[in-house]
Structures are given as C-alpha cells and as structure tokens.
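Starting off, we have a lone chain in the form predicted on its own, written out as structure tokens.
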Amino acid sequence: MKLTPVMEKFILHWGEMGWRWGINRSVAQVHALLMLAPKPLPADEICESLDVARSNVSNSIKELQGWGLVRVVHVFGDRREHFETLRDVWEMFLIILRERKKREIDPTLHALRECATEAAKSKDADHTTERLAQLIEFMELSSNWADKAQALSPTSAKRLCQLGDKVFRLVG
C-alpha cells in the first residue's frame, strides 16, 4: 500500500502517542496503518508499507489481536491471512478502556488495598493511611465508571461523551 504524506504523518504520530502510553511504537504504527487501510492487508504488505521486519509485524499483530483490536480476514483467491482493525472508533475506545482497566486499574487497586491493610496495622502511618484511602476511593470510582462504560454500546458511549461535553460547557 502506497502511503501518502498525510498517512505517514498520522502513522508516525500514532506510533509516538502509543509509545507515550506505554505501547510499543511499532504496534501502534501497525494499528494506525490498519485504521487507514481501505481494505484488509496481508502481513507482507504491512511490512513493505511501514518498512519494518516481518517478525516485528507478526509480534505487533499478535499484540493487537490480544487487545481485540485486530482480526484475521480471509480474502477470496488469496491464501494469505489479511488483517483489519475495527472501523468504529467508539467500539475501539470501549475495548481499549476494558483492556487498560484490566491491565492497569485492577492491579493498581489490588496493590493499593494491600498497602492500606498493611498501613492500618502500623500505628505511625496516619498520613499514609489517609492518602491510600483517597487513592483507593479515586481508583474505585474510576473502576466503577469503566465497568459501566464497558456495558454501553458504541453509540451510547458516544452519546455519553457528547452529553459530558455539554455539561462541561454549562459548568465551565
């Protein structure tokens, strides 16, 4: 797939943004390419378009499949596997929210609760206990919000964000 300058700019930016969020740059760039591709792409075309090694593309695709963001598609008359990402950005948002909650919020909340239990046993940890309680409250609210958001359809998630935008304009 021949990339235009705009496509290259977006792919580079998506890779940089992914890296800042703790995602491998190549993984994010493969995801960006698949988002822009008008049709599913075979791995060799992804390699050629991004000028990266086949092993890098294979690992990136496996990671994206693990997140539920990329799936295999078979193309009539072509024995190769082709790959595509979700087309609905709101569906993608809900999947990323679910995965980040599972990988980041849940383990953090578990660790905070363990720390709070240990701090409560110490007599001179009042400040620590108080701060941990505040963090737990914040993380529990975040976790509950994420659970509720994941139950929404992509259309409802979009409506909720639009409603939130209106509320911010009213109170801001």
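All figures in this text were calculated on a predicted structure; none of them were measured in a lab. When you see a residue number, it is the position in the sequence shown, counting from 1.
Unshown form predicted in complex with another copy of the chain; subsequent notes refer to it.
Can any non-hydrogen atom of Ser55 be found within 4.5 angstroms of another copy of the chain in the model of the complex?
Contact with another copy of the chain, no.
Quick one: is Glu81 in contact with another copy of the chain in the model of the complex, heavy atoms, 4.5 Å cut-off?
Looking in the model of the complex, residue contacts with another copy of the chain do not include Glu81, since no heavy atom lies within 4.5 Å.
At the 4.5 Å heavy atom threshold, is Ala43 in contact with another copy of the chain in the model of the complex?
Looking in the model of the complex, residue contacts with another copy of the chain do not include Ala43, since no heavy atom lies within 4.5 Å.
Would you check, heavy atoms only and a 4.5 Å threshold, whether Leu132 touches another copy of the chain in the model of the complex?
Within the cut-off, so yes.
For 3-40: residues with a non-hydrogen atom within 4.5 angstroms of another copy of the chain in the model of the complex?
Contacting residues: Thr4, Val6, Met7, Lys9, Phe10, His13, Trp14, Met17, Arg20, Trp21, Gly22, Met35, Leu36, Ala37, Pro38.
Specify closer or farther for Val167 and Asp147: how their Cα atoms are spaced in the model of the complex versus the shown form, given a shift of 3 angstroms or more.
Relative to this form, closer in the model of the complex.
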